[in-house]
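Quick heads-up: it's one chain on its own, the form predicted alone, in structure tokens.
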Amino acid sequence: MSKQALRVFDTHHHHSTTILTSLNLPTLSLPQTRQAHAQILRTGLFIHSHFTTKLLSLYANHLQFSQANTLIKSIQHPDVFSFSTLIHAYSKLNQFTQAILIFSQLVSHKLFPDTRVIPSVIKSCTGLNNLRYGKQIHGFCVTSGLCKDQFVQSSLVHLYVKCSRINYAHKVFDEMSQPDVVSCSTLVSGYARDRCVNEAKLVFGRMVELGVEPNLVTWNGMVAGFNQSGCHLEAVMVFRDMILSGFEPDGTSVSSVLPAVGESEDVRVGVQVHGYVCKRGIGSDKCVVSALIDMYGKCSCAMEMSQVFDEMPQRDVGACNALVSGFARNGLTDDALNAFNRLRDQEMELNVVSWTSIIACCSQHGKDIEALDLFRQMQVSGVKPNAVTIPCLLPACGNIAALMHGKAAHGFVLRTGISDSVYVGSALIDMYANCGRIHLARVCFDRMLVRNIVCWNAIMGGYAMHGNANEVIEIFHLMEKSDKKPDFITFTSLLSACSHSGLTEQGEQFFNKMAKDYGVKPRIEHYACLVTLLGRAGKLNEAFSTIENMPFEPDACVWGALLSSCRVHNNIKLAEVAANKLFELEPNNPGNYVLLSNIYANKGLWKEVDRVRDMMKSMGMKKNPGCSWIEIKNKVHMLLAGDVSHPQMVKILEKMDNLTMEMKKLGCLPVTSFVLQDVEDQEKEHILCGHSEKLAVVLGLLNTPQRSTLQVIKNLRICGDCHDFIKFVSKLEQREIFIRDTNRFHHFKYGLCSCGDYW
């Protein structure tokens, strides 16, 4: 060799040694890695797979995957190790799609994967729930003989369990020559999650026969699996057996069993688990504390729940959410609101779950205005609502007909791209229907790409509320054609719609076909609808006979339906029977006493009226005051019957007097028979003027543009005089007016009502 060639060789060898030494350093920084990469390119060492594999590993460790991908594509003859380095890195960082893409490149280079890379690929399929690709890998392993490897088999068991193919997982498990504790634990927890109690116990029992000792992961998998699948008693029993077997449950065990205790509402067991937590000293575990709060909330132990929260050394958002949800679950809305506001004052970083929980709490318990205000505050605070928040908010918009707020929420849904959710879609249908815009509800329904039974029931319920029986029946037939099976809610809407529209025969046919043709066994709410259907049509004796022949004891809804029908047809005899039953079932419900009193008043039986009202006074009950809501310029106004506190009350009464005078000029006199008090006619007229729906309509006339639509919600049924008054106003003022009472919607237009005066 010449001296010049020798110098080149020595230089090359020196650079090789330097680079090799540097690449073996585990803490090589990213700039140093790039420097080494540049040296390799300059010295021509790029062709050596050892150097490129080391570089790939370093780039992967620094999360520089774009450079790693560029590097591997530039290698002329990559080997298995080059690809497996990236596959392992992607899999470890849960970037499963990229791992599978790199594996595809490995196969395209006609390289044969080994047993070290296959488990990482199967893990990626598991992470993506990609059963199809996972089965292809399994097939490759069978034909290549790789499926005999223990790690490959264990990965396949996990894949099939995660993809809910427990039978496939068990077949792979049976083929294992030496099952390990990981495979056994995976199979046991898989059976537990699938509610396969006996199978889970059988596999657990076989572990001893196979020489595999169960560990803490095995026990925890069974407890968590049974809890998730709803086998709550089994979860508690496994937890007990775990302790008896000498294992000490950890925070994971406890936080898995406590939800099962809560769902069982067995506070005695919950207290025992709480005692174990204190004894073991794991009360500082945040997951355990959150689970304790949640458990006490489900067991209706608000005081204990608050005590656990107050004793927390460091509060986290999970515990805060559990506390708010616990109060909400027990109907303690004010406590939930106070706790939520206190946590905000303490600058706790509440998340979307926190805000959604309190909005849902308010929406479900009659604090609709508070729910709308909280939603606004949520956005101001920078927390972005999600596909769960919106369905919790929209009922509040519908409850008080806050149409503008509902439309704003709809706009948010469209902007954020969550309109495809069936839950959001169903909530929008409900909201628009409750706000009187049934045509917009139908638009939302028609635009849904995917519909479940909730969506179909939502639009049918909306049409039923508006008294559009023909549309309900049409939707029902469309539902049948789409191969959706109706449920008990579907038939409730059908029967309700028929009763609102007086379609007695069709309603009876649907009731008779429920069980016979559709396999839906009539429930108590269906009998209540049938009683209403017959009663409103004047068939009171048939309605009473239906109650007497029911297969189960009639409840307050059924007797209430009969009592309401007796009022329509002034049947005192049956009214007294129904009322006495209601007094037994709901002794503290003032509405039943008021209804019977009104029936007596209609007949002029003032002594009986006084007797019923004296009963109410002796029991400390008061009549629920009439209350109406109207939304004007994005603000919801609430008006109470007889209340004069509204700042525009003088103008309201003045406008009402003018309208009343116009009515009298045209021969439309007030229907004083709807004042169920023994007073003079002039006083009765004055009382009628104070009805809340009239006040709300007139307030709307004063504060909205001419000919614009008005929407009013009332907490009681609209009376006949108010019905006539609003019909007149709709014609005189050329307004479309929507009134929603407790029974249905009334659409007033051109002096007519959509109910056809049948309500």
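Values in this document were obtained by computation on a predicted structure and should not be read as measured data. Numbering starts at 1 and follows the sequence shown. We call the rigid core the largest set of C-alpha positions that still match within 1.5 Å between the two forms.
Same protein, other form: the form predicted in complex with the DNA, not shown, and the subject of what follows.
Per the 4.5 Å heavy atom criterion, the DNA in the predicted complex is contacted by stretch 85 to 93, the sole one of 85 to 93, 369 to 377, 442 to 450, 579 to 587. The single contact residue among 218, 565, 493, 592, judged by any heavy atom lying within 4.5 Å of the DNA in the predicted complex, is 218. With the partner omitted here, the residue from 330, 105, 504, 421 that has a non-hydrogen atom within 4.5 angstroms of the DNA in the predicted complex is 421. Candidate site formed by 151, 360 and 364: every one of these residues places a non-hydrogen atom within 4.5 angstroms of the DNA in the predicted complex. Heavy atoms of residue 598 never reach within 4.5 Å of the DNA in the predicted complex, leaving it off the interface. Though the partner is left out of this view, residue 285 does reach within 4.5 Å of the DNA in the predicted complex, counting heavy atoms only. A residue is said to contact a partner when one of its heavy atoms sits within 4.5 Å of a partner heavy atom; residue 521 fails this definition for the DNA in the predicted complex, lying far away. Using a 4.5 Å cutoff between non-hydrogen atoms, residue 546 does not count as a contact of the DNA in the predicted complex.
Shown here without the DNA, the chain has 250, 251, 252, 255, 256, 259 in 247 to 263 lying with a heavy atom within 4.5 Å of that partner in the predicted complex. A movement of the C-alpha atom of residue 586 falling short of 2 angstroms is seen between this form and the one not shown when the two forms are aligned on their rigid core.
Superposed on the core, the two forms barely differ at residue 623: its CA moves less than 2 Å between this form and the one not shown.
After superposition on the rigid core, displacement of the C-alpha of residue 456 between this form and the one not shown stays below 2 Å.
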